[in-house]
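As a starting point, one isolated chain is supplied in structure tokens, in the form predicted on its own.
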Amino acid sequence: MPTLTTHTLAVASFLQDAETFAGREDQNSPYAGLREKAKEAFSVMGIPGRKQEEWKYLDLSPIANTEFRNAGAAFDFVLGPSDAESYRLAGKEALLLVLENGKLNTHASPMERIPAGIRIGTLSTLGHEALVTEHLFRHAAVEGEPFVAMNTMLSHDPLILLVEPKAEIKTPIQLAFVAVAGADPLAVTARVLVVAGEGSECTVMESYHTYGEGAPSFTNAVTEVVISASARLHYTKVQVESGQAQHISYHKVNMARDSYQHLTTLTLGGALVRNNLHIRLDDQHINAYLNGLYVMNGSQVVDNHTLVDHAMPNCHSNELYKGIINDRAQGVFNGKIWVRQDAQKTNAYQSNKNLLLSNEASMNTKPQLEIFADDVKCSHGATTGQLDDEALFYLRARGIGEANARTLLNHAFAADVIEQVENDDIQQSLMHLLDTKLN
């Protein structure tokens, strides 16, 4: 395993934090040895440098050169039920669970409202159930993924959602991850496992926020999702952290036969954001939709890396990512569709479209197809440009001011992604966030 960078302040700090977990796991536990394995992997890999192909457009020095205070497991909660409501994005009927500095805050979360058909808990309460031991820490591999390794060695009490077979959960579940800013730079480790049982249906949202004003924060989030046969999962990820936040996430999905997922990622906040999304279609007759929107200004940097792995035949995937980039902001999209040799009759589509609103804004886009099967229908494409002058002239000729005309065109461009979200309440909240950002 190659060394990616020399040890920095952050690497040394995170490895020291990992020492506090040493010896905690029972040697008979199904998780015994996983933390040590992750620590060994991270100590070799460190934090990636720009010489690494997968990280060439992302300068991670703001993370690497900062000595973070890890939130850890022992701290006093700050947020209460009234604070939680300010983070509600999934509608008034949704179950809103608050994870403060990565840890479930049961005081701010109405655990008594958990709907029938789904069990929600943490590693400390559900950790030895068969489904948990089968899937937790099993899908997001630490090999070659330094931030997954870091997350695994520092995870203290991951959140777990288990949807029972054939359960139709009508109530959306929102997981609001809130980094409580303080005097010192804060590192937050967020870990989630979602298992959708056979024939079930559920709507889940992850949202990321910052509470208060203070030093920069760094959120390292890993989500493992298992979609069983014939299950349907609607998933939304929203990032609206403060302008001082750094955010690295890894979202790994494994899909079984006849399953369906609709995954939307909306990135609006943060100084530096990297979204890694890996979707594996593990059996036949699977439908996967993967949509993303990033709206950036100032000196924001947002990097989206996606991989859709078609491992079996007769599956369909559709991917649409759009970006609006203003000021000196920098966008990155690296999307790969991988069609394995056995994956005949694959239909896979990928599109990345971007608007640059200033001369200093930049976008690096790299759509990729790797096809090892013969009987497939696959396409990909990328465009980067400016607002349509004719459309802008059309609106101005009808009495709309230039600023408002530009906002309308930007909204229409971005709304194409949000309108595909299937829950009306979530769609309305995302439209409101979009309008706020554009204005």
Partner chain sequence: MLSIKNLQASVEGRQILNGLHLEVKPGEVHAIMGPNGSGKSTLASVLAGREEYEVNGGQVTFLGQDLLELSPEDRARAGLFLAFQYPVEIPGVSNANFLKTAVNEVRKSRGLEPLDSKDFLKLMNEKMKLVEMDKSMTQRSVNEGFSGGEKKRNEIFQMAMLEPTLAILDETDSGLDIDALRIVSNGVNALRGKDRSFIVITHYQRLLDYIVPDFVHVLYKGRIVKSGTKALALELEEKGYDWIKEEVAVNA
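Superpose the two forms; the largest set of C-alphas matching within 1.5 Å is the rigid core. Residue numbers count along the first chain shown, from 1. If you're wondering where the values come from, they're calculated on a predicted model, not measured in any experiment.
There is another form of the same protein, the form predicted together with the partner chain; it is not shown, and what comes next is about it.
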Check Asn404 for me: does it contact the partner chain in the model of the complex (non-hydrogen atoms, 4.5 angstroms)? yes
Although the partner chain is absent from this view, report whether Arg396 comes within 4.5 Å of it in the model of the complex, heavy atoms only. yes
Report yes if any heavy atom of Ala412 sits within 4.5 Å of a heavy atom of the partner chain in the model of the complex; otherwise report no. yes
For Val44, is any heavy atom within 4.5 Å of the partner chain in the model of the complex, or not? no
Once the two forms are fit on the core, has Ala397 moved its CA by at least 2 Å between this form and the one not shown? yes
